[in-house]
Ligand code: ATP
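For reference, the chain that follows is the form predicted on its own, supplied as structure tokens.
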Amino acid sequence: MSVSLRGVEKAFAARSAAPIPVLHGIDLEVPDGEMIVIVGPSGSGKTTLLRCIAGLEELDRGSVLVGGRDVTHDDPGERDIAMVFQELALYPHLTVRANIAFGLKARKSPPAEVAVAVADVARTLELEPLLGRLPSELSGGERQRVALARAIVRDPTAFLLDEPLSNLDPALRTRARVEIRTLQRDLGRTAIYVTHDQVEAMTLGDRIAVLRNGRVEQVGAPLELYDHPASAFVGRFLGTPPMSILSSEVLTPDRRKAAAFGIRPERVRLADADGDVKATVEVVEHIGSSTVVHLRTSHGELLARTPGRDVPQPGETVMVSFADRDIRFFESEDGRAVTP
């Protein structure tokens, strides 16, 4: 089912001061069956927003709708939403089978139905050999799959996932991303996934919502946000390495359209002579199939990502250039995008 947020506001009380606002009028529409990923730096309000959707935090203003039904004042158990936390919170004294079945038993589902449901989800997530084990006997990836199974077995209308992969090593994270995305598509359930990892955001989401200081900065398809950031903040936040933002004074007068401009590192071309900007090489990072060159210009740092390893070395002076179509203009070095 769809999930709708309308004017959601939340503030937390402070001991000796006015309440501290965390969410500022969040509006967001998540269609049925979509996976949307919410990203943003620490403290931007991502987890608080999930907790408001789940009913674990009471809204100060606004409403939450699930499948068109207003659940703003419903208890968490009445919303038919499953949440997977960063800390997986498995019951250490219960087996994998009992952990998965716990929610169904709490709802007093018939034992035969519980057994069938647990067997089905265990088969889907390849947990059948682990059903008799305790959480302490599982690897991090296995515990993560058990937490997902416990959420899935309830067959909820929507899933909320709060950085469920953050405690896994890089190799496991890559595999788990694929498993989560495949599973969500197979189930056809709406999912809202919170992370600060932009790689997860770009690979998992049908759409991405970027949060900044409790406000939605931009919502759209991953490549839309990557190619056409609505602000310099989004340009810097999405992308590895990030978009470089420089003063537009670095451009010739006939190309100066705004106070600042952004360019993706893979769109920066290194040249020996002719070019748009003179720069000094500061650091060279070899990352396998490509190389990231950190350049210092008179108007700020510029990153260039180039294939291969044959690049200028630290201390050398180079000229760099970029095509007009690859430049994004902004009101300031931290401002909104503008049309040149």
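When you see a residue number, it is the position in the sequence shown, counting from 1. All figures in this text were calculated on a predicted structure; none of them were measured in a lab.
Just so it is clear, the following notes concern the form predicted in complex with this ligand, a form of the same protein that is not shown.
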Of H196, R207, R236, R177, the one that lies within 4.5 Å of this ligand in the model of the complex (heavy atoms) = H196
ask   = Does every residue of V22, P41 and T47 put a non-hydrogen atom within 4.5 angstroms of this ligand in the model of the complex?
value = yes
task = Spot the stretch among 280-288, 28-36, 311-319, 47-55 with residues whose non-hydrogen atoms come within 4.5 Å of this ligand in the model of the complex.
result = 47-55
request  = Using a 4.5 Å heavy atom cut-off, state whether E163 contacts this ligand in the model of the complex.
outcome  = yes
